[in-house]
Ligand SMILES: C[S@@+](CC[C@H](N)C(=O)[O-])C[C@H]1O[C@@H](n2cnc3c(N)ncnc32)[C@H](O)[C@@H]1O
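Below, in structure tokens: the form predicted on its own, a single chain.
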């Protein structure tokens, strides 16, 4: 049996955040029933192909999956369990936003087999939250967190952001400390990226954003990292930290370049040496699936050279780096035979180290990882 992971995209949300460029809609709630049925229908189109696969992780992302009725999530996961082979230690994650949960919904998640919850907190500063288009306040975080703990959820992630307009170092550290004090098992701490077409990007182009200077933003990252490590969190990927044993299995699938299937609008998949993605048009997606056509909009073959590049690009993001033994086992060649000059170059400039077992970023390299990544594109 082959291991496989599944990503499920729920594109509905209450309001689109000012930094978000994901496929999401705040004005299509009337499409929820038909869309959720389409997800099951899309899965059915893959059923025969997945007979020799064991599902190891499921990740329900968005949009905001927690804005829809819990019965849809329960029904969809039940359909997966009934039609595919499921690993005994299956990890099932759902993304939620504070303020969109109630006790009934949380109970349904538990009954549906969800055992990991990722909460989009971003900050505990209400003014900052408002400035980036978040509709919740800090009080909603505490209430949602309490509900999850009372229903015995024991693996909770909080997403936090730095580099936000008007944000200070003190604010970043305050939010990180608040999450740690609450006792979350996992923290994802991302820097703001201004994506073209978003509200914040447009404000930036007009000169209306008061963003932290680059040096200050990097200080936010390192001070937060140092604090989390001090508190016992394993820094296992550039932006991710976990208490021992709580690393996100689904994300590791991506970073280790393992196969996964994406269901729903705009979802990406990596299977059988192909990378392919679905349409992002709601009506097109529903129509194709109803007619029993896969809603794939584009695909590319991943040849040996591309697979090597991707393995390195994703692997260097992990704090443990690119495992040289895994590289040799997977591609039947020593990594130095392909990237020897590049490795030596970045060892000399202090961006990476080679400890004999792995190639990994230094502390300086964490700030300049893009310079390393671009050199792995041969």
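Just so we're clear, the structure is a prediction, and the values are computed from it rather than from any experiment. Positions refer to the first chain, counted from 1.
What comes next is about the form predicted together with the named molecule, which is not displayed.
*Asks:* Can you tell me which of 185 to 193, 295 to 303, 256 to 264, 242 to 250 lies within 4.5 Å of the named molecule in the predicted complex, counting heavy atoms only?
*Replies:* One stretch meets the cut-off, namely 185 to 193.
*Asks:* Under a 4.5 angstroms heavy atom criterion, identify the one residue in 101, 114, 161, 224 near the named molecule in the predicted complex.
*Replies:* The residue from 101, 114, 161, 224 that makes the contact is 161.
*Asks:* Answer with yes or no whether residue 38 is in contact with the named molecule in the predicted complex, where contact means some heavy atom within 4.5 Å.
*Replies:* No, no contact at 4.5 Å.
*Asks:* Can you work out whether residue 105 and the named molecule are in contact in the predicted complex, taking contact to mean some heavy atom pair no more than 4.5 Å apart?
*Replies:* It does not: once the named molecule is placed as it appears in the predicted complex, residue 105 has no heavy atom within 4.5 Å of it.
*Asks:* Could you confirm whether residue 96 comes within 4.5 Å of the named molecule in the predicted complex, counting heavy atoms only?
*Replies:* Because a heavy atom of residue 96 falls inside 4.5 Å of the named molecule in the predicted complex, the answer is yes.
*Asks:* Would you classify residue 57 as touching the named molecule in the predicted complex, given a 4.5 Å non-hydrogen atom cut-off?
*Replies:* Output for residue 57 is no: heavy atoms all beyond 4.5 Å of the named molecule.
*Asks:* Relative to the named molecule in the predicted complex, which residues of 41 to 75 have a heavy atom no more than 4.5 Å away?
*Replies:* 62, 63, 64 sit within 4.5 Å of the partner.
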